[in-house]
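Next comes just one chain, in C-alpha cells: the form predicted alone.
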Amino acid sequence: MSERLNRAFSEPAVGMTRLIMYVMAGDPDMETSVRRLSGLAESGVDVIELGIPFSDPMADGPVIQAAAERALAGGMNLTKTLEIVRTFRESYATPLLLMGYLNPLLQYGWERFVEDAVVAGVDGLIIPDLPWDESKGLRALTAELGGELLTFIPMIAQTSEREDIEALTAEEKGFAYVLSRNGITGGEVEIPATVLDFLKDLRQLKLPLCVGFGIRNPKQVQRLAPFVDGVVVGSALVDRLAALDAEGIDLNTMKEREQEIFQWVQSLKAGV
C-alpha cells in the first residue's frame, strides 16, 4: 500500500471522521478537473476518488452517469485521466484512487495501466464490476508489477454473501467501501439502525470502514461517524459542480463559486 494511503488511515482523523470525495475526470474539461482536485486537497479532504468516464456505468446513478457522458463528449479517456493525476501529484500528496469499470482498464492493457498508474501517482483502485473473489488474479499481477503500490478497495453491501465478507478478514491494506444502501449511487439516504448494526458486524475486519452512497449532509456524517473510519461523498458534489458549470459564468466568478462549494465540503468534515 502506498505511504500516502497508509498515512491517511494511520493518523487520527481531523473533524468528525475522514472524508473521501468523488469527482469525474474531465467533467467538464481537464483544466477544470485539476483545479477542482486541488481545491479538494486544500479543503482538507483525506482521500480523493477520481472517476474514469465509461459509457455503461452500471453502479452509478443519473448524476454520475451524466458526468461521465459530459466527460466522454469532451474527449476524456484513461490516458488523459492519468495525465490529470500526474499534474495533480506535482503539487499535492492527498491519496488519490481511480474509480472505474474493468473494460476501459483491460482495453488500455493491464500491465501498461499498472505501470502508468504507479508513475502518475495513483494510490488505489475501486472497480465496482469486479467482485473481490474474482479479482485475485489481477490483484496478484498488480502486486507483481506495481510493488503493491496500487491497493484494491473492496466494496461491501448489506446483500454481500457472508463468505465474501469473511474472505476480507485477512486484508489489511486500504479500506473497505461499505454501501449505505443497495442499488446505484446518488439520491439521499436516511441512516437506519440496520446500517449501523451492519457496520458493527463488520468490525471483525482489520480494514478501516468507509461508507458511501447517498451521503450529502453533515447530519448523516454525524450519525455515521461513531461507527466508521470515513465517509464517501460523490453525487452530492458532482451535482453541485454540474449546476455551477451550467450557469455559464466567467472564470473568475467560477473560481469564487467553487470556493463556496469547498466550504460546504469542509462543513461535512466539521459537522457544521
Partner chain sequence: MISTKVHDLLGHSEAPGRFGLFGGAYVPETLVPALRELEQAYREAQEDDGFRMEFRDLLLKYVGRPSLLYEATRLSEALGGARIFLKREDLNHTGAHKINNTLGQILLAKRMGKARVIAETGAGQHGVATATACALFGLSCVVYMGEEDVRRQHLNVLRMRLLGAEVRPVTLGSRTLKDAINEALRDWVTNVEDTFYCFGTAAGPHPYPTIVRDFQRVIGEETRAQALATMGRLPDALVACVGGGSNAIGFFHPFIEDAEVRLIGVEAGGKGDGSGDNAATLSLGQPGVLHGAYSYLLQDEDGQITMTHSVSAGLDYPGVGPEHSYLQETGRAEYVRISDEEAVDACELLARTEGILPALESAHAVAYAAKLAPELPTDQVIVVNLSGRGDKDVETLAAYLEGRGKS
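The structure displayed is predicted, hence computed values, not measured ones. Positions refer to the first chain, counted from 1.
One more form of this protein exists, namely the form predicted in complex with its partner chain; it is left out here, but the text below deals with it.
Residues placing heavy atoms within 4.5 Å of its partner chain in the model of the complex fall in a single listed stretch, namely 55 to 63, out of 223 to 231, 55 to 63, 236 to 244, 37 to 45.
The candidate spot formed by E115, T151 and A170 is out of contact with its partner chain in the model of the complex: none of the three has a heavy atom within 4.5 Å. The closest non-hydrogen atom of Y92 lies beyond 4.5 Å of its partner chain in the model of the complex. Although the partner is absent here, K200 is not a contact residue: none of its heavy atoms lies within 4.5 angstroms of its partner chain in the model of the complex. Although the partner is absent here, P192 lies well away from its partner chain in the model of the complex, with no heavy atom inside 4.5 Å.
Its partner chain is not drawn, but in the model of the complex it has a heavy atom within 4.5 Å of E69. Contacts of stretch 109 to 142 with its partner chain in the model of the complex, defined by any heavy atom lying within 4.5 Å, are made by G109, W110, E111, P128, D129, L130, P131, W132, D133, E134, K136, G137, L138, L141, listed in sequence order.
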